[in-house]
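Have a look below at one chain only, the form predicted alone, in structure tokens format.
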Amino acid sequence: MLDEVTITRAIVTTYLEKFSRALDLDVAIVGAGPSGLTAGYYLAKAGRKVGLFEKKLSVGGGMLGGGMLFNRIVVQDEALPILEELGIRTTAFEPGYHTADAVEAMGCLVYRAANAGLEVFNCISVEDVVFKDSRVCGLVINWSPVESAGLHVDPLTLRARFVLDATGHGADVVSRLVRKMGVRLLTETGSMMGEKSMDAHLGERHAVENTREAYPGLFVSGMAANAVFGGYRMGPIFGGMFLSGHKAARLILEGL
């Protein structure tokens, strides 16, 4: 006979165990879009201790919506090996263009990342970073509903050797760091250079080129990389997001 309190105890006990494991990480990723999840997959696959923090209830970022809620995505040839590794089926459309179901793509990516050992925490917002000796070395977190309701509830903190900002167009982690600490970033101007308008070809290329360390201890990927280093946007073609996440993982692994 099922007991309600046992069910509750099972959830509370195992979640707190999971949360406790995430208090001291090799890498903390912020944002569960395609670049963040791809980075998490490769980092976890390499045996690193990785936690991913997403402010929304669902994961997937902008990829689940495809283009204007047509839930298909486009990827280019260069990204196909990553999709094949993840088990995502694609269909050739024209030379150099392939399509995939957005829901299947995200489902496969989430499954493979979690199965590799990535621990995902949804409904958690990043309020701030831990900043010591002119380096980002952790996150300050709270429940997203606390932030949404404007409640005065103190956050908790976790430590990480590296942080990856994969929060998309807003580059939320880098933005907070610049606003609160007035730091000079590793960009041409020393500040956030801002996302440019649509150019799918350049946007895809820039998303990969701009994936790098933005400040000691803090990397950027995906559209956050273009927002920080001044790249174009690209719309519902997502090969660059997978390639960016893969590159972010490689660079961080070199740093570790």
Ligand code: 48H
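Remember, it's a predicted structure, so these values are computed and weren't measured experimentally. The numbering used is simple: start at 1 and walk along the sequence shown.
The following text describes the form predicted together with this ligand, which does not appear among the structures shown.
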| query | finding |
| --- | --- |
| Interface segment, criterion being heavy atoms within 4.5 Å of this ligand in the predicted complex, picked from 153 to 161, 70 to 78, 179 to 187, 118 to 126 | 118 to 126 |
| Answer option from 208, 27, 223, 214, heavy atom within 4.5 Å of this ligand in the predicted complex | 223 |
| Distance check, residue 55 to this ligand in the predicted complex, heavy atom within 4.5 Å | yes |
| This ligand contact at residue 89 in the predicted complex, heavy atom, 4.5 Å | no |
| Contact label in the predicted complex: residue 246 to this ligand, heavy atom within 4.5 Å | no |
| In the predicted complex, residue 234 touching this ligand (heavy atom, 4.5 Å) | yes |
| Site test, 36, 63 and 172 vs this ligand in the predicted complex, non-hydrogen atom cutoff 4.5 Å | yes |
| Heavy atom within 4.5 Å of this ligand in the predicted complex - qualifying residues of 148 to 174 | 166, 167, 168, 169, 172 |
